[in-house]
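Structure 1 and structure 2, given next as structure tokens, are two forms of the same protein chain, each shown alone.
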Structure 1
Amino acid sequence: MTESRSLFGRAGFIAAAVGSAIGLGNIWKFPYITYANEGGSFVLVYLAAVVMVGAPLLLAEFLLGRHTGRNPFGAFVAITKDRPGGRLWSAFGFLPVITISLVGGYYYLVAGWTLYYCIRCVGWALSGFDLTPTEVSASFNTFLANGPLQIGVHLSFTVITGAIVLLGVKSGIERVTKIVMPLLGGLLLLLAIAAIPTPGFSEALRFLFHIGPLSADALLEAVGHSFFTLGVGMGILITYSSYMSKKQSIVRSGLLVCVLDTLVGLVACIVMFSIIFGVPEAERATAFSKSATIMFTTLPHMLFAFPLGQLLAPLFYFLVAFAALTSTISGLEMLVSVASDELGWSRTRAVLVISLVFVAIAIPTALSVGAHEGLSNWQPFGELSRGVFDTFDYTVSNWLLPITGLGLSLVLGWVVLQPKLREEFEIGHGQFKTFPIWQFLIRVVSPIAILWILWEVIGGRSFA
């Protein structure tokens, strides 16, 4: 199996893994959930979750993929086949298929928004941008309420992602990723530096690091987001690392992905919060009743206010769309690998069928951001989510990813023979002296933390 897989070069693997990790989760989602959960404690729990749960599980996925050389489902089957409870554990390898199918519904949609805003900013740049912030917000709401347009932007991203995976031009994308990702990082940094003299900056930092009360749901959301942003529990990292060369260090590559991903999220928060806190307090509640949309309502205005804003604004949305694309490619690639390895489907058939499933799931999602009253207000989890879009996101981040993470930690921590794991870690790395720390985190800390949080959520607890 392993021999038939083409291998990534070292830099190619890192580019693909970083490309998969950095995306809308960092730039769009992390700032808005941090704002909704009142910053401070939420950010600290998130950082702790990255270090104690997310990073060890990311290494576990790298290890599982490279060791078995299989897709996530096949990897769970292969690694547990001679162990007690073999067949049962493979259910955890199937969960990512459901996860990515739901993600395909809403992530592609937001990715489509960024693409649309890139084109829109080109239009604004050519015609001379003269809209007030209220007009920019109003135009975004009109855009959300336009059902056919929402379906159209989703479809455009589905087609672009499908075409790239189908044509196998991924290596080209990896080459471009190495240029685009540093550009995006640089642009975000530039925006953060430009935010320093603005009135909202110091309040943004205070908001980001103060300590306050946190509900069990917020705790779960912080852990879930550490998974979402790193791509843990989505099976993607297992798939990508099944192509990883044995010369590469799992530990060094994994930690690099975690550090870069976390930095991008934090810098994006500083930029967005400097904008929010620059708005007079009395107007804040109305301006940001939906913090999820800041990137499309207030940010365009800020970008156009910059010197060279006419260039900067379209460039920013282009870079974010590209970052989203490297994530959607990884998700589709994972599903294609399951379909071709397990069902024997050709690449073409797999891409077409999966893309059609995405579109079917996308229709109710696309209509649930304003176009259709019932779909936009659907609340199967009560106050915790509103509308199909939000409900899918909630189910993925707060339930499916932590549960898959739990499965990973149980299988790699307890079911699989440990010396085998240590050996795989040391290939391409040399002696892995901190193996016992990783082992403790994966065997004890991750499962207890995840189980405890799920239990508290079910009990509806809050932490003051």
Structure 2
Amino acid sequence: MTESRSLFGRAGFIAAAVGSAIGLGNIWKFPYITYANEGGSFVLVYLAAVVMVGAPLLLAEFLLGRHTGRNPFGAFVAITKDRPGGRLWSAFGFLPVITISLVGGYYYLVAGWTLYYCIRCVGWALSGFDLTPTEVSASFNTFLANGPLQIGVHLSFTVITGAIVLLGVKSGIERVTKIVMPLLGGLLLLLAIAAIPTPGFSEALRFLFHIGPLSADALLEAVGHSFFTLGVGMGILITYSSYMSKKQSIVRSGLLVCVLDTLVGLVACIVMFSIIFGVPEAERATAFSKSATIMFTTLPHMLFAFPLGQLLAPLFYFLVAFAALTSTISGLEMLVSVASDELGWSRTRAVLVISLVFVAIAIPTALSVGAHEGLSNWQPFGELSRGVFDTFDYTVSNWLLPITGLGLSLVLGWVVLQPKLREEFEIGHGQFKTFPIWQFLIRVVSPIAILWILWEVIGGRSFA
């Protein structure tokens, strides 16, 4: 690690790492797939999968980043350069660069929607919300069809994210995430408390924690989400851990990130299920969808029907915007780290150039959600995706992330000398007695799980 490389403080690293892991997947996707897979038993299997698949891979990214003090590309090059086939293995380090470049084209757009709906809900709360579900849905479709506005909301989130990353690791990312993460947790807790007196709260708890049958599809979904929820495969955690102090324990930090990420997902389930089970059963089928767009169509009407809905509806979108912001910050920082380490660019130059690339990629993406017919109907993967937006999401979720995760497990499980890894684990931690367990999970369990995911993707399944 170079002397000039900034380091997070202990609390700053945890806040940044948790922030990178928590995003729309925790607030929306996890409640959706839990609802779709009948709750209780699925949650138990998911928790087991986090322990056996997600956590070992997260610890591997922490180890790789701190040991090399480099970005994902440089880290894979450094860790494999003296090993047989090093150049081939190092190619896995370039995949996160492609991943985050594509993610910047569509995730910032959805993040911009949350910011827009924060403002819109404040207006609705002040003027009195009297729209029907059909009117809310029609309003969102009109919003999507407005191409200049779509580009504008993407640009707004790009500017906010770039301004924070431009300030640097300590003054920007650490300072902001140490403020935002407690606020995010507080807002989510406030929503959960507000859900307690609602008619759907008791049914939400029963649904979330009851034990029932579990299908093979649900088992695969649990394994897949345990991998995706922590952001493994994007290279973000490799970058953040390259700013990690040698005095800090990789193991304790990694497990804390996993626990906090999981808790956010479970509390989000309680909030969402309390809303869903508070409406007539006939309306629940339209309340949840795999597409996050439902968050802007049926959900606003339900939120305003909630007790204190005029306060809670804007707060909910503030919460989602905060979650999205911590993820966009981490993605941009990863690419800035690559540009700084490998190309020698200044932070200012890297932030500006990469942000402009995001905007360039975002133009066809923003126009593909309704403003431009050709871009909205583009289907290179057939029925698995529709439009540039969906195609980018499909490519990242189903191919780039699993392949990078597979490369990570193979490199750290089989290519790198194991005594070197154990030594790095024990720096700042002490004797790591469970190293053989981690070694087995990263060598055997994680690759099998990821290969299972890839096999299903080849067969036509989508995890996007």
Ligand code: PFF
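Numbering for residues begins at 1 and runs along the sequence of structure 1. No experiment lies behind these values; they were computed from the predicted model shown. Heads up, when I say rigid core I mean the largest set of C-alphas that superpose within 1.5 Å between the two forms.
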**OP:** Just flag whichever of structures 1 and 2 is the form predicted together with 4-fluoro-L-phenylalanine.
**Re:** 1
**OP:** Superpose on the rigid core, then tell me if the C-alpha of residue 201 is displaced by 2 angstroms or more between structures 1 and 2.
**Re:** yes
**OP:** Inspect the rigid-core superposition and answer whether the C-alpha of residue 219 shifts by 2 angstroms or more between structures 1 and 2.
**Re:** yes
Original post:
Fitting the rigid core first, would the Cα of residue 442 be found 2 Å or more away between structures 1 and 2?
Top reply: no
**OP:** Let me know the CA shift of residue 43 between structures 1 and 2 in Å, rounded to one decimal, core fitted.
**Re:** 5.8
Subject >> Per-residue CA shift, residue 210 (Å; core superposed between structures 1 and 2) >> reply: 9.0
